[in-house]
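Just the one chain here, the form predicted on its own, laid out as structure tokens.
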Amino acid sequence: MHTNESTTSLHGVMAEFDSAQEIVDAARQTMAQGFTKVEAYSPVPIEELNDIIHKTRTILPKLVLTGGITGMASGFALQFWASTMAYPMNIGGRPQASWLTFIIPSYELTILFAALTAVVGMIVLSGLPQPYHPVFNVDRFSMASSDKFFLVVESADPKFDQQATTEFLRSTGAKGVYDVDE
């Protein structure tokens, strides 16, 4: 069955602000209203805004710690295996598994594994590469890299209602409110 209706789905509603303080105030009001799927776009970093919107912290530090411990354990295990099982050598009556000699290579592998985990984890958790995002469909969004600030409430938010959310964002002092199509 064919219909003539538009099947464009809505990603959310975007509000435009002129200053960092305006978007911080609007983000506070938005979070106080109970919205949870909110994102902000700014030409400059605003630490306060990040604290307001993203209350949950990332698991990246735990992943890096796990990567570092894995690197240390694998370095130590490889040296222990090589010294005692694969190529045991009795040189001057010294013990075959002298753990003191294993410290430096294990330390280096700790750093290597932690760094690689940090890079890969950051890329994966950030959802990169992402050459397209629905906010690019709003013409005014190009100003986000120069002098405008944008706050988006996503339609996936449990509290989202298009008309009510649009009216709410207008009440926060937004200079413009736009629908963000998928």
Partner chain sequence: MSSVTSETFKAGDTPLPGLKQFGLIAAALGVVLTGAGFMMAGEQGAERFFQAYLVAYTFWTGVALGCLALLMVQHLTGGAWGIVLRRPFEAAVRTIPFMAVLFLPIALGMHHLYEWTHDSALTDPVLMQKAAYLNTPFFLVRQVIYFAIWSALGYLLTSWSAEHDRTGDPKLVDKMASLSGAGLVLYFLTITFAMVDWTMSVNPHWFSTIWGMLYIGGQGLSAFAFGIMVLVMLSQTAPLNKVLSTHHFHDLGKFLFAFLMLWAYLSFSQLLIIWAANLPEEIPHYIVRWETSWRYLSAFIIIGHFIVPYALLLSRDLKKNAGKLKVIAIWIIFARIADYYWHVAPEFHKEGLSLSLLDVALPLALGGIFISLFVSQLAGRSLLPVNDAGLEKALTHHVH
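Numbering follows the first chain given and starts at 1. Just so we're clear, the structure is a prediction, and the values are computed from it rather than from any experiment.
Form predicted in complex with the partner chain: not shown, discussed below.
Residue contact check for residue 90: none of its heavy atoms lie within 4.5 Å of the partner chain in the model of the complex.
Though the partner is left out of this view, residue 57 does reach within 4.5 Å of the partner chain in the model of the complex, counting heavy atoms only.
Shown alone here, residue 107 lies within 4.5 Å of the partner chain in the model of the complex, counting heavy atoms only. Heavy atoms of residue 139 never reach within 4.5 Å of the partner chain in the model of the complex, leaving it off the interface. This chain appears without its partner; in the model of the complex, the one residue of 171, 163, 9, 21 with a heavy atom within 4.5 Å of the partner chain is 21. Of the candidates 32, 119, 125, 65, 65 is the one whose heavy atoms come within 4.5 Å of the partner chain in the model of the complex; the others do not. Only one listed stretch (139 to 147, 153 to 161, 126 to 134, 43 to 51) carries heavy atoms within 4.5 Å of the partner chain in the model of the complex, and that stretch is 43 to 51. Of the residues in 137 to 174, none comes within 4.5 Å of the partner chain in the model of the complex through any heavy atom.
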